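Single chain ahead, written as structure tokens, the form predicted on its own.
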Amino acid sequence: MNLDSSEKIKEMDPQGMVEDLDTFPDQCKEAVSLGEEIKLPYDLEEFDRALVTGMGGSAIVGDLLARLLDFPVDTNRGYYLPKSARPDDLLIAVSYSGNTEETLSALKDGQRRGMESLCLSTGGKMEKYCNRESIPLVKIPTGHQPRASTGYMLFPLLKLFDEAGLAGTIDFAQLNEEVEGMADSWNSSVPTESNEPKKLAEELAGKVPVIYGTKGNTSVVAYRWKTQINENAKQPAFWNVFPELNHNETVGYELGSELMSNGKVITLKNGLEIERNELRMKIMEDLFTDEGIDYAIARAPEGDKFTKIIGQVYFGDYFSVYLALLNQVDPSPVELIESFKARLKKEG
């Protein structure tokens, strides 16, 4: 697979996942306007925390908000909310399709508990439920894979929390300019020799990635990279975080050189690591060298925390799609997930 051949990319990517990435800056800009348009019947600063419920590519929004906001955010992935959920929490239900059964169940659970809610969706059952229950809905554009719609789902919420003074200071114009710069460097027309996501994809072709982030910092990025490799490249990938991995997973490298012959560790860095985790990462790099473990360091773009986190997520999205093309697979379909859902529906 030639990653620099536009004809070959179109052949392998008929649903346009690469195009979605190339136009991600436009998505983010449009999404900010969606946040400006929504009028909430309550003040966000009145709540103790936000509880985001969703699954898959929709749930990652909660993890990103937890990392980026100056406000408590927890993410729920399941049919019911945690026992700690209470009316003083704002429930944010995110389902790209509007038909995710776990998310609809959790939304109704929140309504039973007397929680105020906010929903994001393209429509479906969620839109009908919101209309019936008078729940505010941010309606986002359809026609994309959920995991390729992160901008549409994240930026309206960032805008709402920013207006409430709960996001620190976000310069959306500057952030969008920086994202545009990333697209200029990483898009499909940039040749491999100058394109870092393409280079990393070529390094990982035929290997199983093991991605390491740091707790409270790049953990959300590591998890996102793992899931994007799964869904886009259709292959296994694993993730963990410092310092926890030093209390268990580190020992697994005693037999690493043989068992990891087809694996590669990627350590994520963004310059926001606490000092002790920086030291742990340096020691692990020495261990990888001593044990003959193949590893690489992936650094975030320069900028504030919004640029670093969103930028490193964006990099991973590109990298995973380029890896899909090297794997000779269409990055868009998720046939095993769809067949699983069909069987789940059939069997009740």
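Residue positions are given as counts along the sequence shown, with the first one as 1. Just so it is clear, the structure is predicted and the values come from calculations on it, not from any experiment.
From this point on, the text means the form predicted together with ligand PA5, which you will not see here.
- Of the listed positions (230, 187, 176, 97), a single one reaches within 4.5 angstroms of ligand PA5 by any non-hydrogen atom in the predicted complex, namely 97.
- None of 12, 21, 326, 334 but one reaches within 4.5 angstroms of ligand PA5 in the predicted complex through a heavy atom, and that residue is 334.
- Segments offered: 52 to 60, 30 to 38, 66 to 74, 294 to 302. Contacting ligand PA5 in the predicted complex at heavy atom distances within 4.5 Å is 52 to 60.
- Not displayed here, ligand PA5 is kept clear of residue 8 by more than 4.5 Å at the level of heavy atoms in the predicted complex.
- A residue is said to contact a partner when one of its heavy atoms sits within 4.5 Å of a partner heavy atom; residue 195 fails this definition for ligand PA5 in the predicted complex, lying far away.
- The closest heavy atom approach of residue 219 to ligand PA5 in the predicted complex falls outside 4.5 Å.
- None of the heavy atoms of residue 270 is located within 4.5 Å of ligand PA5 in the predicted complex.
- Heavy atoms closer than or equal to 4.5 Å to ligand PA5 in the predicted complex belong, across 281 to 317, to no residue whatsoever.
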